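One chain comes next, on its own, written out as structure tokens in the form predicted on its own.
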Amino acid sequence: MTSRDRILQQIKLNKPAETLLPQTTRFDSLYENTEDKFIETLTAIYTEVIVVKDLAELVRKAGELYASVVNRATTIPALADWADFSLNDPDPHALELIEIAILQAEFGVAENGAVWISDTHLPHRALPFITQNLAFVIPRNAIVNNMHDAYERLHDTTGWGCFISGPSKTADIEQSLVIGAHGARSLVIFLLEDA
């Protein structure tokens, strides 16, 4: 018997007893107001939240906030006239020029301020990570309490998606917080009432 075989035999003999998973793995968050908690969490992580009544108000707000910005991109049809950067180019390297991207997202999570975005509304996966400034539009009634609720909502989801929470930030060098080190420098969430 080789030493390799002896080692493998010893491993087989010394298996620990099987441990069953806990019966309950769900933890409920009972916030009095899920939207208030979502806004509170996002404010703490340098994200502005703006409630807009409808798409017309979204267009007005985007025009006010980003009037002087060039290279504006969007995945929202109502903002097509506002955008001056086309996302039809198949080369993702062109995205590095985008200053602001306003993107449709599916829902938000109150406990951590995360927003779920998927390739359902996204022509380029790199877009939310390469733009200088980022904004998401989500239905105002699409905020869940916690990640347990979020994963239940994603149960039958297929395709690519990710959670994004706040602008990019790091504090690994001399414990100094740097915003926008590895991605968007700012994040705005538009909560759309009439979705």
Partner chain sequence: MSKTIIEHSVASETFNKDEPYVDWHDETLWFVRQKRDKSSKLLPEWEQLREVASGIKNYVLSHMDELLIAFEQKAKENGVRIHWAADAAEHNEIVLGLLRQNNIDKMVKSKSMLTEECHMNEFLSKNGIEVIDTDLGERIVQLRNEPPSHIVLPAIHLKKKDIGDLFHEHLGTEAGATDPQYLTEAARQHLRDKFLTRRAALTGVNFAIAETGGFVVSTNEGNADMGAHLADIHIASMGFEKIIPTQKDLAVFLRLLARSATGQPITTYSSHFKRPRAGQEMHIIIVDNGRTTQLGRADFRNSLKCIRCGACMNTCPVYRRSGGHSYHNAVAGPIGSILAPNLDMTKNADLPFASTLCGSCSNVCPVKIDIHDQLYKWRQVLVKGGHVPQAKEIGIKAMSVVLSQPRFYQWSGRLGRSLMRTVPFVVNNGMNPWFKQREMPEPPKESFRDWYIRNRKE
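Numbering follows the first chain given and starts at 1. C-alpha atoms forming the largest set that superposes within 1.5 Å between two forms make up the rigid core. Everything numeric in this text was worked out from a predicted model, so none of it was measured.
There is also a form predicted in complex with the partner chain; it is not shown, and the following applies to it.
Enquirer: Of the residues 36, 54, 28, 48, which one places a heavy atom within 4.5 Å of the partner chain in the predicted complex?
Expert: So the residue touching the partner chain in the predicted complex, by this definition, is 28.
Enquirer: Is it the case that residue 65, even though its partner is missing from this view, gets within 4.5 Å of the partner chain in the predicted complex, heavy atoms only?
Expert: No, residue 65 sits far enough from the partner chain in the predicted complex that none of its heavy atoms falls within 4.5 Å.
Enquirer: Hey, in the predicted complex, is residue 111 touching the partner chain, heavy atoms inside 4.5 Å?
Expert: Because a heavy atom of residue 111 falls inside 4.5 Å of the partner chain in the predicted complex, the answer is yes.
Enquirer: At 4.5 Å between heavy atoms, is residue 70 in contact with the partner chain in the predicted complex?
Expert: Judged by the heavy-atom cut-off of 4.5 Å, residue 70 is well away from the partner chain in the predicted complex.
Enquirer: Is there a non-hydrogen atom of residue 93 within 4.5 angstroms of a non-hydrogen atom of the partner chain in the predicted complex?
Expert: Answer yes; at least one heavy atom of residue 93 falls within 4.5 Å of the partner chain in the predicted complex.
Enquirer: Can you name the residues of 157-186 that have a non-hydrogen atom within 4.5 angstroms of the partner chain in the predicted complex?
Expert: 157, 158, 159, 160, 161, 162, 163, 164, 165, 166, 167, 168, 169, 170, 172, 173, 174, 175, 176, 178, 179, 180, 181, 182, 183, 184, 185, in sequence order.
Enquirer: For residue 14, state whether the C-alpha moves by 2 Å or more between the shown form and the other one after rigid core superposition.
Expert: Passes the 2 Å threshold, so yes.
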